[in-house]
Ligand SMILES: Cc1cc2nc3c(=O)[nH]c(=O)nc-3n(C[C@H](O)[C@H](O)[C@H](O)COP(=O)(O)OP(=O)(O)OC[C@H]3O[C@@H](n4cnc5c(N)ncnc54)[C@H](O)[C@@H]3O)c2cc1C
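What follows is one chain in structure tokens, specifically the form predicted alone.
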Amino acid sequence: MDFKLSQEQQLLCDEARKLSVEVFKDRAARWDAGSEVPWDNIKILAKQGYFGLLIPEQYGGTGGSIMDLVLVLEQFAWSCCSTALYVFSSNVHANRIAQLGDERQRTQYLPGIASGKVLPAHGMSEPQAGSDAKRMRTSATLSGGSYLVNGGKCWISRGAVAQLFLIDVVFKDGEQREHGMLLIERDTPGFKTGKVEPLMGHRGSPSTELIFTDCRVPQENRMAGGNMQAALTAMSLSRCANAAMALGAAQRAYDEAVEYVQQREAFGKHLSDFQGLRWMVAEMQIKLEAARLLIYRAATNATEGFPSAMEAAIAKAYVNEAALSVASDAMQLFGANGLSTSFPMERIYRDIRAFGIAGGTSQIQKNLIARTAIGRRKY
């Protein structure tokens, strides 16, 4: 068992780190303060091929691995979570199309995503159906060679700017009901976006409602492999990538805190000389290293396009909570400065807190883990 990155992976990581530190770091507060989409960063990422990491080469991508993706997400989230989220969505949703779509869908949509010309978004959550996907009500009824979609989605990340939507629906054909997924383009008649939610974190990634009113979608836009079980399996990649971004942000909080305690003085000593604070730093480091190993395990063990549901759930549950703990301790070490918008601590804390809700809460992950370990509870 080798825990070292390959030469190619280390180069990929170093290049992403350089871009993150030299370009994205100083812009992050601006995107957050104004709830602005980081378009300048998106253009750079598209030009350098980061939106096509998981897309096969024949469709314009680089054919990289899930491990490649988590490495760069960690680096980009270190400076700007809003920016990292666009790399996340392009690769994760493109991977859904690559793994669960047909050849026509791959040929039509993947090159645009790889180039950054098409930003994708995934629509599952509904007002009455967040984690409880079986209560989903958005329907697609077969009508004359196409589907009429009716219903609504909420809390759809990057929904305000995406051009392509992977929408979970209930297909209706007579008396039959089946969960599945449709590819819906933004300009499809009968489809519109609703209000943009003011968010605590991830402010450069606008979350919005999606509204479908007799939205007519070609029948060939139904994803052949997009049934409920496949959709839930695909969530394992989202969860692994989510954890990587939370880790990157927490690493930034740790790095800032370590530098701060080495410079700040109190009672005639540097803060780093107080044993209680030194132990806080040590515990933060332990959590970060454990988090990184869990993510890397899930990523390197991934087969058939997705990580193990169990390993991804363990990684997300632990990392989301560990990252928030690290960010909280970092704020404590900064004292009153941790609450100031002149320092990045409060922004990092807000962004990390959002990761613990997005993609399935920690409680949902623990339900999945327990169900695998001891079976499903029967009522």
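The shown structure was predicted, so the numbers you read here are calculated from the model rather than taken from an experiment. Each residue number is its position in the shown sequence, starting from 1.
Keep in mind the form predicted in complex with the named molecule is missing from the figure; the text below concerns it.
Within 4.5 Å of the named molecule in the model of the complex, do 53, 92 and 307 each have at least one heavy atom? Judged in the model of the complex, none of 53, 92 and 307 sits within 4.5 Å of the named molecule.
Residue 363 within 4.5 Å of the named molecule in the model of the complex, heavy atoms: Yes, residue 363 is a contact residue.
May I ask you to check whether residue 171 falls inside a 4.5 Å heavy atom distance of the named molecule in the model of the complex? Outside the cut-off, so no.
In the model of the complex, does residue 161 have a heavy atom within 4.5 Å of the named molecule? The answer is no: residue 161 has no heavy atom within 4.5 Å of the named molecule.
Quick check on residue 357: any heavy atom within 4.5 Å of the named molecule in the model of the complex? Flag for residue 357 set to yes.
Between 99, 125, 138, 238, only one gets a heavy atom within 4.5 angstroms of the named molecule in the model of the complex; which residue is that? Filtering the options by heavy-atom distance leaves 125.
Note which of 254, 260, 155, 191 lies within 4.5 Å of the named molecule in the model of the complex, where distance is taken over heavy atoms; exactly one does. None of the others qualify; the residue that does is 155.
Only one of 197-205, 140-148, 73-81, 177-185 gets a heavy atom within 4.5 Å of the named molecule in the model of the complex; which is it? Result for this chain: 197-205.
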